[in-house]
Structures are given as structure tokens and as C-alpha cells.
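First, one chain by itself in C-alpha cells, the form predicted on its own.
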């Protein structure tokens, strides 16, 4: 049993990093605009399909890993400007319904363009095979995935805490009217914030396609765990999204090892336990750490 525990723990950390980075994108958008973006998973799928098409036509995987999320950002900003922005002044319920409908439309578009069946998207040859970690042998591509996700999370943290624009984003979450009164273009903040969330989703979408495969519904399959991650970590807490993702990843991985039949419900059990103790989540307002 011990020899199986280490791989499951590492698998859980990689899975948790996926949930964390998707949840970070959701949190960024919700914190500033109040928009519950049900189409977030569709942007993940879009980035995955774009990367698949690029690689299929001879583009390197490394270029596609960066270019596909950027193209998804352009589409996301267009959606924000034309469909989401008019709903900022209304109740979040309206944007939820609109983005949910958008996700259903996106799935059908993906089926028309790339087909209903899943398509194979293999990692590059340089990341094929396994790597010896000393205490275990683990797929090299999954180690690469974990490294990329950690770099993305650290880069986001540095952007939000060390750059002037990032500080304005954080300030706008606290008081948008004050930031606007000081001369900041809040509409630009909304667009950049939305695009940043989509960029994180795009990176996760390309990496998930190489590990889990690609289908019209693959991004939406990761959306519900991401929402659970936000709830566990605490609404409004980016650090909480990271902690929540790691906890869910480990819970699913360990449950798969010991009680496989309960693996899919383990994250909901974890969410229920957290909410019983901390109704606002671990790091939410008035939560475990204030």
C-alpha cells in the first residue's frame, strides 16, 4: 500500500493545481465584476482545441501552449465587451444565465468544427515517458504540468502584488467607485481582469487536453470542481482557491486509492464539512484567517 500512496499523493497535487488555477480565474472575474462565469470551462476547451489544431498543422507544442490561451483571451475579451459588460449593473443571476447559455452554444460549435468524439492530443516527445523522482517514477508530462501551473500561480501573485495595474485591480475589488473617482478607467480594468481569468483557464485547458484528452465537454467537466474549490477556499480569496484546489485534489486522489466508488463524491463531502465549520470557507470573509 505504501508504494501506491506516493504516486497518488503526487497525482492529487497535480489535480489540485488544475482545480486551483481554474478556480483562480473564476475568482478573479467574480471578485471584481460579480459575474458568475459558467462559460469558463468552454474557454478551457477552446484553448485546448486551438492548441490541438496548431500542433496538427505542424506548430510546436511550446508555441501552442502560449498562443492558444492568448487567442482564447481575445475571444473572451470580445465576449466581455459585447455580452457580459451590459449585465454588470444587473443582478448576478442574469450573467449566470447568459454565460450558461453561452457554454451550451460553445459546445455545439465545437461539435460542428471538431466533431462529437474526443480527439487525441499527445504531449511532445520531450515530455513523453517517465522521470525518476528518487522515491518513485512519475510521468514526465505530469511533472511538467505541475511546474507550469506553479509558475502561473506565482506569476499571478506577483502581478497582483508587485505591479501598479495589479494593485489597481485589487483596489477596484474593494471600492470600484473610489477607483473610478481617482481617474482609473474601470472598463479597462474589467476587460483586463476578465482576460486574465480566461488566460489562466486557457493554460489549464491546453495542459488538461494533453493529460485527459479533448472533447467538446472536457472543459465543463472541470468547472464544477473549480466552483467547489472556490467555495471551500472562500469567496473572494485567491489564496483560498489554491488551498481549496490542493485539498480537493488530495481528497479525490486518496479516495480513489482507498474507496474508489466514493472518489467522485469526496469533494462534495469535503465541501460540506468545511461549510459546517466555516460557512464562508477557509479563507473567506470572517473565515479561518479573517
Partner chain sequence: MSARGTTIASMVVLVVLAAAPFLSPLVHLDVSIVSEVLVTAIAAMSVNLLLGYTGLPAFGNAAYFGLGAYGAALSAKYFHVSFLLAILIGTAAALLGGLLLGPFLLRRRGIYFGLLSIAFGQVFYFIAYRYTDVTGGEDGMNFPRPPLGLPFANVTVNETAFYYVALAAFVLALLAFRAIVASPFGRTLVAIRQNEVRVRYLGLNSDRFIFVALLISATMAGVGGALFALLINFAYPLELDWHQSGYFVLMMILGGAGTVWGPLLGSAIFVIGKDIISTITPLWQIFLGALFVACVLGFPRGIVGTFSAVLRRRAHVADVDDANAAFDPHAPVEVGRGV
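Positions refer to the first chain, counted from 1. Predicted model, so just to flag it, every value in this text is computed and none were measured.
Here the subject shifts to the form predicted in complex with its partner chain, a form of this protein not shown in this document.
Each of 36, 272 and 281 places at least one heavy atom within 4.5 Å of its partner chain in the model of the complex. The stretch among 48 to 56, 62 to 70, 261 to 269, 240 to 248 whose residues place heavy atoms within 4.5 Å of its partner chain in the model of the complex is 261 to 269.
Not displayed here, its partner chain is approached by residue 109 to within 4.5 Å at the level of heavy atoms in the model of the complex. In the model of the complex, residue 32 stays away from its partner chain, with no heavy atom inside 4.5 Å.
Among residues of the shown chain, residue 208 is not one whose heavy atoms approach its partner chain to within 4.5 Å in the model of the complex. By the criterion of a heavy atom within 4.5 Å, residue 100 is counted among the residues contacting its partner chain in the model of the complex. Note on the partner interface in the model of the complex: the residue among 133, 151, 105, 158 having a heavy atom within 4.5 angstroms of its partner chain is 105. Checking 124, 166, 92, 213 for any heavy atom within 4.5 Å of its partner chain in the model of the complex turns up a single hit: 92. For the stretch 177 to 201, the set of residues having any non-hydrogen atom within 4.5 angstroms of its partner chain in the model of the complex is empty.
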